[in-house]
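Before any questions on how it binds or moves, here is one chain, the form predicted on its own, in structure tokens.
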């Protein structure tokens, strides 16, 4: 009996300790949100919700609007996803389903190595390799074919939203590939064998059986990559052009929320200027929360749909 009482006491202590750690995480997130809101109170009071759709960013006249930075952040992240998801998912399928084990290990290691490269290195490569290529090859070639579309017009500066999206795509490919590969490897072998036994080809097995089974994890990897793209700072700052304007062309310079914080935070000369920058951080924090919330809801819906089909 004493032994049982001792174990129950230890279990209760362990449970409360784990609960305390979980509540601490929630407290840290809440404290971060409160601190950002309090530190940006001057800007919140001065501009209100119009801060989100105002396009003017003029520190001299102390008129601040976050729309150019929100636009640049969302567009560069969207371009990165459009490029990275097909490449990352295709690589994951190859590594998990098609490649010999030895080759899969080597390529998997190289993909994971991409995630370990510092972002400033990506920025330097983008500045000295990607920017000249976009200026002299990509922009003129696209303009010659699709120049009648406003999204592909613009001066071939080299630096711009498209260049930043390309760099971000390379940076988030490892997240899509690594997580998707691990999810695909968890698909039971019986699923593959059942599809093949029914006469499905290897491609049909992957498309109709393996990918639907692993779709929740794949979508999770995409949202993880999106969160990484939204918050990237150094590499994007070096190639996006850092111009707080909204242009329809993806080849024109732009600005992102993380980039403006990195560039101008140390130069803020007034409390209102500093508050506006912190409010941009608050907006970025809110966008990240919303993205993760949408990801969770989508995953829950997919899980419920799968359960109903089963």
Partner chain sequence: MVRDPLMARRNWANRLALASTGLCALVTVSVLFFLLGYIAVNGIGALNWAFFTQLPKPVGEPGGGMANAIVGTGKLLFLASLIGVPIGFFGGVYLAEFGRNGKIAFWVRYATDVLNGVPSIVIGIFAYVLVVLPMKSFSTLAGGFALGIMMIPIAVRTTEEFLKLIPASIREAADALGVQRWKTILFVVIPAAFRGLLTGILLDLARVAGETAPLLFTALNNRVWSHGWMEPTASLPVMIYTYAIAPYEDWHRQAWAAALVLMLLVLVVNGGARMVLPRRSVVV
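Numbering follows the first chain given and starts at 1. Treat the numbers as computed from the prediction; the structure is a model and nothing was measured. Take the two forms, find the largest set of C-alpha atoms that superpose within 1.5 Å, and that set is the rigid core.
Absent from the display: the form predicted in complex with the partner chain. The rest refers to it.
* Asked: Want to guess which of 245-253, 266-274, 52-60, 65-73 is within 4.5 Å of the partner chain in the model of the complex, heavy atoms only?
  -> Partner-contacting stretch among the options: 266-274.
* Asked: Is every one of 122, 127 and 231 within 4.5 Å of the partner chain in the model of the complex, counting heavy atoms?
  -> So, yes: the whole triplet contacts the partner chain.
* Asked: Heavy atom within 4.5 Å of the partner chain in the model of the complex: which of 137, 146, 82, 113?
  -> When the partner chain is considered in the model of the complex, the option within 4.5 Å is 113.
* To do: Check whether residue 219 has any heavy atom within 4.5 Å of a heavy atom of the partner chain in the model of the complex, and answer yes or no.
  => Although the partner chain is absent here, residue 219 would stay clear of it in the model of the complex, with no heavy atoms inside 4.5 Å.
* Does the 4.5 Å heavy atom contact test between residue 141 and the partner chain in the model of the complex come out positive? -> No.
* Please run the contact check for residue 157 against the partner chain in the model of the complex: heavy atoms, 4.5 angstroms, yes or no? => Because no heavy atom of residue 157 falls inside 4.5 Å of the partner chain in the model of the complex, the answer is no.
* **the partner chain contact in the model of the complex: residue 42, any heavy atom under 4.5 Å** => Residue 42: no, not in contact with the partner chain in the model of the complex.
* **in the model of the complex: members of 82-109 within 4.5 Å of the partner chain, any heavy atom** => Residues within 4.5 Å: 86, 87, 90, 91, 93, 94, 98, 105, 107, 109.
* Examine residue 32 after superposing the rigid core and state whether its CA is displaced by 2 Å or more between the shown form and the other one. => Yes; that C-alpha moves by at least 2 Å between the shown form and the other one.
* **Sense of CA distance change between residue 115 and residue 293 in the model of the complex, threshold 3 Å** => Compared with the shown chain, residue 115-residue 293 is closer in the model of the complex.
* Answer with closer or farther for the CA-CA spacing of residue 217 and residue 22 in the model of the complex compared to the shown form; it moves by 3 Å or more. => They are farther apart; the C-alpha distance rises by 3 Å or more in the model of the complex.
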